[in-house]
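A single chain, nothing else alongside it, follows as structure tokens in the form predicted on its own.
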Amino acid sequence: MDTIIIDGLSFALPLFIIAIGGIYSEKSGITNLALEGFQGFGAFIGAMSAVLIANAFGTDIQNLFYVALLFAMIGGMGFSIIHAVLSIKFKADQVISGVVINILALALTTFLTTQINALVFGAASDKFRLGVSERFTIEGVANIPVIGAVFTNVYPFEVIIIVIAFFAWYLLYKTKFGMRLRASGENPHSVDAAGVNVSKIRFSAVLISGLLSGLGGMCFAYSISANFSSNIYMGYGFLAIAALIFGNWRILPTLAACLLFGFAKSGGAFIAQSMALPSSFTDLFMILPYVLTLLLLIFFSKSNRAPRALGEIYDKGKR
């Protein structure tokens, strides 16, 4: 039971922070299917920065964990500019833009990873090896049955994500910026009539989605994969989109959806290991989060309500 909780949280929280990024973008009115590409490219920039700095200064790459997280956030935010420019400035189809960005991110990062490894390290590898992040346990509290598992073998990024998620919640629901952002996704013309630049609000929201997605991608690289490779593009961005939809574009219900997906994934792995199944059957259990996605889509999607102006190209002259 403890293992399911520990591993479930380490998967659910990075997924949650990516989903929050999606909420920011879609609450402003910009459909964002590019979360997969943002988290992958952000993780690439973070991993590349850590690997190159460690190689240049002879530093243990494990000591550059926070540096990697910072660069991943910058990388994800920088890459998200493409989606913001295409969707807002050039008024391109937002769905097509997101799909193209995902394909571009996968192709670009795979190519660049191989080239950098060949030039710098003399090895034609398609991954940056990072190692698994260190963990810590809060003694005393960790001894409480069941609940104590939450405070056992905790990744540092889990604490960082919780802090950032709280700040993101406060910014979205308790500040003037958050009010304007949410209004931009419901009635952008009223926002414009109040003298607020809708395009700037939406641009900022997409950048925030890239920043948070890059953080989530780097966390996956330091926990599940222990390296950056094309394995980081495992559909986690789309799973985050599913979570925010099931959460009705609200942060706290989205957290519940992410926890459900996380515990389904860790529970499937635990069952497979307990039954000592062959690897082919183990992989079958790993599809549980995606099966849950389909089931939730069937039973709950009708009650969800997207922002009214989601996906609509803002035309200032249209009333």
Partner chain sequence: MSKDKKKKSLRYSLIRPISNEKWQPISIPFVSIIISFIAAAIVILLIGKNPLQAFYNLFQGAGILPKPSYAGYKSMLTDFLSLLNAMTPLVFASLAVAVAFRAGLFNIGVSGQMLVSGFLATIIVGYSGLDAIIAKPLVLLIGMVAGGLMGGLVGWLKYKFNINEVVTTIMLNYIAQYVISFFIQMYYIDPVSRQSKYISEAARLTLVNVEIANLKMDIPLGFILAIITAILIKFVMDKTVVGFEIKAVGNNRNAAKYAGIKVGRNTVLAMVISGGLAGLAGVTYYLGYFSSIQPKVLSSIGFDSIAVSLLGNSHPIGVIFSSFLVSIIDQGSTYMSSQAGIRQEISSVIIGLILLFSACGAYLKHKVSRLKEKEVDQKESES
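Just so we're on the same page, rigid core means the largest C-alpha set that superposes within 1.5 Å between forms. Residue numbers count along the first chain shown, from 1. Since we're looking at a predicted model, the values are computed, not measured.
The same protein also exists as the form predicted together with the partner chain; that form is not shown, yet it is the one meant from here on.
- Put simply, residue 302 is close to the partner chain in the model of the complex: some heavy atom of it is within 4.5 Å.
- Not displayed here, the partner chain is approached by residue 261 to within 4.5 Å at the level of heavy atoms in the model of the complex.
- The shortest heavy atom separation between residue 141 and the partner chain in the model of the complex exceeds 4.5 Å.
- For the chain shown alone, residue 252 is not a contact residue for the partner chain in the model of the complex, no non-hydrogen atom being within 4.5 angstroms.
- Interface residue among 67, 52, 286, 61 relative to the partner chain in the model of the complex, by the heavy atom within 4.5 Å criterion: 286.
- Checking 194, 103, 159, 147 for any heavy atom within 4.5 Å of the partner chain in the model of the complex turns up a single hit: 103.
- Across the proposed site, 137, 163 and 268 without exception lack any heavy atom within 4.5 Å of the partner chain in the model of the complex.
- Only one of 197-205, 117-125, 165-173, 211-219 places residue heavy atoms within 4.5 angstroms of the partner chain in the model of the complex, namely 117-125.
- The partner is not shown here, but in the model of the complex the stretch 31-62 reaches within 4.5 angstroms of the partner chain through a heavy atom at 33 alone.
- Taking 2 Å as the criterion, residue 305 does not count as shifted between this form and the one not shown: its C-alpha moves by less than this amount when the rigid core is aligned.
- Relative to the superposed core, residue 292 undergoes a Cα shift of 2 Å or more between this form and the one not shown.
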